[in-house]
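Just one chain follows, in the form predicted alone, and it is written as structure tokens.
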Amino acid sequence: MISIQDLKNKIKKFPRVKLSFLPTPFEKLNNLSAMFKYYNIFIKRDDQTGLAFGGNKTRKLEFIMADVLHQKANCVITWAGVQSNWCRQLTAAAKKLKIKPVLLLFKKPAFSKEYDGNLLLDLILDAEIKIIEVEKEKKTMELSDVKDFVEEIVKKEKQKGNTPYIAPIGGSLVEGSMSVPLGAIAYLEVFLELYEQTMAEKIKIDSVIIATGSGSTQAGLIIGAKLLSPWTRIVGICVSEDKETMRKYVKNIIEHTLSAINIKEKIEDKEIIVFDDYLKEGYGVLNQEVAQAIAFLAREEGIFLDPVYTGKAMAGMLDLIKNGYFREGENIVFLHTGGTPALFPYREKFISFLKKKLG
């Protein structure tokens, strides 16, 4: 255990630039709580961080963009899928700070490369975009997976006289130009923020449900829970990789983060809770359960989720409730990490699923 102030002091040691409106709202989902009467269900609205439609990546970018400025880079290179929330928020942050954003976007067969959703916003923001079509099985999470493509762009930018900064996907793994797990440090602070909000309302958090994609959001929250609220479970719903791969990523980021904040704390493998039962057809593939979960929350609480991350996490949470995973009387917090611009490129599948099942 550590005091709140000591933890805040540790986080303050890392430079940052202001990009977010904080703290983000925390509220009870009254209709869901009444429907699932044995549980109290809350939501943490990190979709409302403010920058370019918001999302969890904006918090990470406060630290990452400070690192970009510290390294005197004038160009940021990153990669992800064509409907990446990370790339949209990074582009907005870079443009705000007068830094050139270069996006390497991988298009798998399930995705369209039409300028819609996040890709349309990237275009409006004037990112330099390179779209590469790859097979469904192609891994893109680690820098080593995309090294040749990234190195080619780095070379071109240096020839133009630019100083590039390589930002790892999601601001998660310690690689590229990022030597400290800045994304996880941002989400360590999120748990602290959530803890203070719930303490003010005299609420004890039993479980936090999140979509886990590149690992740093879950890693930061796990450390925060371990230090401030060891009874709280951080439950990750896999959206990109299987549970063993995700557990490996999260564990790696946890170890780097603990080292960066100089805390000697042991986090056991059993404390890294991830479910890949809801990954189904894979990253970014909308299915019936996810479409229904998105429509369900919208119709019950007036809150929209996205089809890639939070929709899948909500489908997972609803199924875990249905199957008795949570103890009676638990206070469950759903962390909304944003991503709603990605709803629109999925319109045809949504219409098909919702007309079929929901009328």
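Predicted, not measured: the structure shown is a model, and the values here were computed from it. Counting begins at 1, following the sequence as shown.
This next part talks about the form predicted together with a small molecule, which is not shown.
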{"query": "Partner proximity in the predicted complex: residue 78 to the small molecule, non-hydrogen atom cutoff 4.5 Å", "finding": "no"}
{"query": "Residue 257, heavy atom within 4.5 angstroms of the small molecule in the predicted complex", "finding": "no"}
{"query": "Non-hydrogen atom contact residue 236 with the small molecule in the predicted complex at 4.5 angstroms", "finding": "no"}
{"query": "Exercise: residue 215 in contact with the small molecule in the predicted complex, heavy atom 4.5 Å", "finding": "yes"}
{"query": "Full three-residue contact with the small molecule in the predicted complex, heavy atom 4.5 Å, for 57, 172 and 306", "finding": "yes"}
{"query": "Candidate from 211, 208, 82, 103 lying within 4.5 Å of the small molecule in the predicted complex - any heavy atom", "finding": "211"}
{"query": "Stretch from 34-42, 321-329, 288-296, 49-57 whose residues place a heavy atom within 4.5 Å of the small molecule in the predicted complex", "finding": "49-57"}
